[in-house]
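Taking the form predicted alone, here's one chain by itself in C-alpha cells.
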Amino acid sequence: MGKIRDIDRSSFEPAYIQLVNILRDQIASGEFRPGQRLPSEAQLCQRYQVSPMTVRRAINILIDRGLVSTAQGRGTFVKPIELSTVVFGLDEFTGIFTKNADTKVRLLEVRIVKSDEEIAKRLAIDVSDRAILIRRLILKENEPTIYHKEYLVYDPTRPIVEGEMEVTALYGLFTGTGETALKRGELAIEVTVLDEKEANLLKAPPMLPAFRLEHIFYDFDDRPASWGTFLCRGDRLRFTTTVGLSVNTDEKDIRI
C-alpha cells in the first residue's frame, strides 16, 4: 500500500502539486489499481483539506500524464496499460554517440556526386543536380558498430554542409548539444540484413540482421538539407522501454 501522506502547509510546493504526487504514489503502489475509480472530488477535498480547484488541477495533471481518465458523470479512473501507446526511445542508439574516448568516427568518403532519381526526390532537387556524399563508420571501443551514409544538398552558402563535416556533428545531433542549422527531422526505423559490402565495413557476417534508421533533416526554410541512413548491427543494439508505473521508478516527483 502507498505511504500515508498529507498536504504540507508549510511547504513552498503548491498544494495541487503535492496532491498529484500523493495520488501518483498511491497508483504506483497499487492502492488504486487499473480500472479502479479514484475518490470523488468531494472526498479528496475533505481528506486533504483542499479546495475543489486544487483537486481539479491535480486531476488534470494526472490526465495529461496518462495515469487517469475521466468519464462524464462516473468519475476519474486509473488507466490500464495500453501497449498501443508505448513509445520506444533512441536512448541506447544515441548512447553510442556519447562524447568519450570509446566512441570514434572514421570518415570513409566525401565527394560530390550527381543525384539520381532517389536522391533528387529525397532532397527535392533535380536529377543530375550535384549533392555531397558523406560515408563514415562509428566505432565503439574500436569495433565498427554503425555505418552512416548521407547525401546533402550541394550549396556552399548553406552552413549545414560545413557543419556535417565535423566529427562532433553527430554527437550534437543526437544529444541536443551544440549549434545546428537544422529545424526538424523525420526518422524511420526498419529491420534489414547486411549485404556483403555493409558486412565487410561492420566486420560482420553477411545477412546479419541490422537496424536501418533513415533520416531526412530540414533547414529553417523547410527545405530538405540531408538524407541518409544509419545502419547498425542488430547484435549490438536493442530498443527497450518501460510500461506502466513502478513504485521504485527513477522518475522524480512532479515539481514546479
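Take the two forms, find the largest set of C-alpha atoms that superpose within 1.5 Å, and that set is the rigid core. So that there is no doubt, residue numbering starts at 1 and follows the sequence shown. What you see is a predicted model; the values in this text were computed from it and never measured.
As for the form predicted in complex with the DNA, it is not shown, yet the points below apply to it.
For the marked spot (Thr54, Thr70 and Arg74), a heavy atom within 4.5 Å of the DNA in the predicted complex is present in each of the three residues. The DNA in the predicted complex is not approached by Gly234, whose heavy atoms all lie more than 4.5 angstroms from it. When contacts are judged by a 4.5 Å heavy atom cut-off, Thr229 does not count as touching the DNA in the predicted complex. Within 4.5 Å of some heavy atom of the DNA in the predicted complex lies at least one heavy atom of Pro39. By the criterion of a heavy atom within 4.5 Å, Ile22 is excluded from the residues contacting the DNA in the predicted complex. Site annotation in the predicted complex: the residue of Thr192, Ser29, Asn200, Gln49 reaching within 4.5 Å of the DNA with a heavy atom is Gln49. Partner proximity in the predicted complex, defined as non-hydrogen atoms within 4.5 angstroms of the DNA, places exactly one of 213-221, 41-49, 183-191, 200-208 at the interface: 41-49. Superposed on the core, the two forms barely differ at Thr145: its CA moves less than 2 Å between the shown form and the other one. After superposition on the rigid core, the Cα atom of Ser115 is displaced by less than 2 Å between the shown form and the other one. Positional change of Ser40 between the shown form and the other one reaches 2 Å or more at the C-alpha, relative to the superposed core.
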